[in-house]
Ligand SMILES: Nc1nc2c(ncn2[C@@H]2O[C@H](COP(=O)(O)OP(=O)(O)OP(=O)(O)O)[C@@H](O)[C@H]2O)c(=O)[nH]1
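The chain below stands alone, shown as structure tokens; this is the form predicted alone.
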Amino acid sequence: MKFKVASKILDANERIARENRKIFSDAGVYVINLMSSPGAGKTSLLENTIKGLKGGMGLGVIEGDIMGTDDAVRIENLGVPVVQINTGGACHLDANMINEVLGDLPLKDIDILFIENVGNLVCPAEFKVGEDIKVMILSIAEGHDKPLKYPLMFQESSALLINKVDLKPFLDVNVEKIRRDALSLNPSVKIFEVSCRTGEGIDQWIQWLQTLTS
């Protein structure tokens, strides 16, 4: 019985995700579903990314959190259209949540829409929201065991950003193991080592983003 219920939920989500995908495609919007655990640096990465891309293309953001608006305020302060979704307890965004806020975004003016999912290394990877690609961030402070412990998110992501590499001298973490294990799960994943604090690797990430819509 539990399997049947879960299957129906996923089937309904897939249907709405396809509807979202058509809306985005018709509007010429490229959509990136950004995932990570809490505190890995999603919003900091978005701030750096917006600063690097702004002026060259239209940007928009959907912020997903269980509660609060702090992240949305940070994005709004950069002059980018942003919509906040508070799930009220749900550990991920789903396609219906995204569908309900699309009317609040100027899609015709947006080239890339970033969806910052709820911080969680499991559930967000299971639910499509209408995105073109999934991208995940892993902070090195989380340890080098995460790819093999949480394989689905690494398997589903087109790119992996290994964040906070400026902390390497202070942590007992094997970044090469993260790379190796991620590639064993997903040989085609694009990997960037970045620091949102120092800016290391951000230019390479932005250059890759620009190729997606060129």
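Quick note: we count residues from 1 along the sequence shown, nothing fancier. Because the structure is predicted, anything quoted here is derived from the model rather than measured.
Separately, the form predicted in complex with the ligand exists; it is not shown, and the next lines address it.
Chemist: Given a 4.5 Å cut-off on heavy atoms, tell me which of 116-124, 88-96, 103-111, 75-83 is the interface stretch with the ligand in the model of the complex.
Modeler: Going through the listed ranges, the match is 116-124.
Chemist: If you check 40, 153, 160, 61 against the ligand in the model of the complex, which one has a heavy atom within 4.5 Å?
Modeler: Result of the distance check: 40.
Chemist: In the model of the complex, does residue 33 come within 4.5 Å of the ligand, counting heavy atoms only?
Modeler: No, residue 33 stays farther than 4.5 Å from the ligand in the model of the complex.
Chemist: Against the ligand in the model of the complex, would residue 18 count as a contact residue? Criterion: heavy atoms within 4.5 Å.
Modeler: Contact check for residue 18: no, nothing within 4.5 Å of the ligand in the model of the complex.
Chemist: Using the partner position in the model of the complex, report whether residue 181 sits within 4.5 Å of the ligand, counting heavy atoms only.
Modeler: No, residue 181 sits far enough from the ligand in the model of the complex that none of its heavy atoms falls within 4.5 Å.
Chemist: Verify the contact flag for residue 190: yes if a non-hydrogen atom of it lies within 4.5 Å of a non-hydrogen atom of the ligand in the model of the complex, no if not.
Modeler: Close contact is absent here: in the model of the complex, residue 190 is far from the ligand, nothing within 4.5 Å, heavy atoms only.
Chemist: Quick one: in the model of the complex, does every one of 65, 166 and 196 get a heavy atom within 4.5 Å of the ligand?
Modeler: Yes, all three are in contact.
Chemist: Counting only heavy atoms, which residues in 86-108 are within 4.5 Å of the ligand in the model of the complex?
Modeler: None of them.
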